[in-house]
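We give structure tokens for two forms of one protein chain below, kept apart as structure 1 and structure 2.
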Structure 1
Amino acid sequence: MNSRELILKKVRQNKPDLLPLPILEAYPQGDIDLTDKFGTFLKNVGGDIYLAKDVQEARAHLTQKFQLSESIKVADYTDTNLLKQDPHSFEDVFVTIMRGQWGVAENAAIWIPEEYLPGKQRVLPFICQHLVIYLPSDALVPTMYEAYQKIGTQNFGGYGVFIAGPSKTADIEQSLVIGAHGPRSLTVYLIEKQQL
């Protein structure tokens, strides 16, 4: 028996018995305004939030905000052609528009499953200049604990990500830089009517 086999044998001999996972209690948040708390944390992490009655109102607002025109490249979740494109072709995307499934009030993180990414292109939320997320106003939960309970074991395509705020870093002299590695801004539209 060589040393590797000896070590593995001792590890197996000293392996603890399997125990059931602990049952965690929910963290009561009291009577809080989820929209207000989510908006406050989103602004604290560098994002913007707007309330819109529907997607059309949100689209009209963001068109004006980013001065969108035919010459500006936009990756929209409604564009089914994105699925077939080479991810390298997105290097000049100015605005990415996508949906969010759950928003977490305690830290303004937004859960994005793979199917909500435009064309299921994982690079788009991180390579664009400006990121826009439509989130149903009734999809806010108080804590990450409750978000993970919602996500649970659902099939989300094998990939999902929480996004909170635009890209930022303070690595150099603790000077905060927004948009250092990814989007320079994050704009969230809370959509009153779930039409996403």
Structure 2
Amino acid sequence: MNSRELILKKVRQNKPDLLPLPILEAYPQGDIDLTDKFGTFLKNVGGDIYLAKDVQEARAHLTQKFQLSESIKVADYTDTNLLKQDPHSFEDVFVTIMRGQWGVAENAAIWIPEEYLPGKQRVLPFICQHLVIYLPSDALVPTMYEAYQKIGTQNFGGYGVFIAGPSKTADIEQSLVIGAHGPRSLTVYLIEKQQL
């Protein structure tokens, strides 16, 4: 008997009688302002947040913030040339700019499905020095429950990720350090609805 058969046989023999699978439910969060809560949590997990009326306004702001110039490498979701590149070539990307699909107020996590990654390049939100996410202001949900209801199981491609803040570690004496392996900062622009 191969290991697969063996393991399955032992599980069948040893498992207890069937117990019910509980129904998942929403827990009402009361009268909360989603934007306020999301923004507060994002700040608390080390992120930065701005409101912008459209993408142009956000772009102008971040160009200043990161002092972008011709010589600085930016990976932007509108750049269709990224698709065919070797992920290793992104080693020197300074800023990655991409869209987020849903934002979760209870923890500031932002859902990124594969198609939202610039050039569908999975490494881009991690390998860059700074990460920028545009999030529609009406894409906020109260908790992870609502987020997974929105995400469903079919449409996020081969990969999807919740991102909450910049990369961080506290492995040396529990001292928080921002910028472990991934981005040293996360900037979120809440873009007024219908503009993205």
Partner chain sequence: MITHAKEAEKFNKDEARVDWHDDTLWFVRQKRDRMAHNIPEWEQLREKASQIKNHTLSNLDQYLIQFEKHALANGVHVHWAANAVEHNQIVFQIIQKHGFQKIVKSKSMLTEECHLNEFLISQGIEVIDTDLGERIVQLRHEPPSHIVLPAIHLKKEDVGETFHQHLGTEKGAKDPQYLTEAARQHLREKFIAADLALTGVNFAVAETGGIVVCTNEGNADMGAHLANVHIACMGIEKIIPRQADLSVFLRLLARSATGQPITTYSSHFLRPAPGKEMHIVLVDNGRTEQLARADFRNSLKCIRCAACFNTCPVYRRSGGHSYHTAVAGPIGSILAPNIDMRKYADLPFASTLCGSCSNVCPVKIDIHDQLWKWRQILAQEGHTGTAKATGMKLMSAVLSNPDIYRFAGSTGRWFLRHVPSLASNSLNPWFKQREMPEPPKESFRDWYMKNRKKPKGE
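The first residue in the sequence of structure 1 is number 1, and each one after it adds one. Heads up, when I say rigid core I mean the largest set of C-alphas that superpose within 1.5 Å between the two forms. Keep in mind it's a predicted model, so treat the numbers as computed, not measured.
- Here the chain taken from the form predicted in complex with the partner chain appears as structure 2, while structure 1 comes from elsewhere.
- After superposing the rigid core, the Cα of residue 17 is displaced by 2 Å or more between structures 1 and 2.
- After superposing on the rigid core, the C-alpha of residue 6 is displaced by 7.2 Å between structures 1 and 2.
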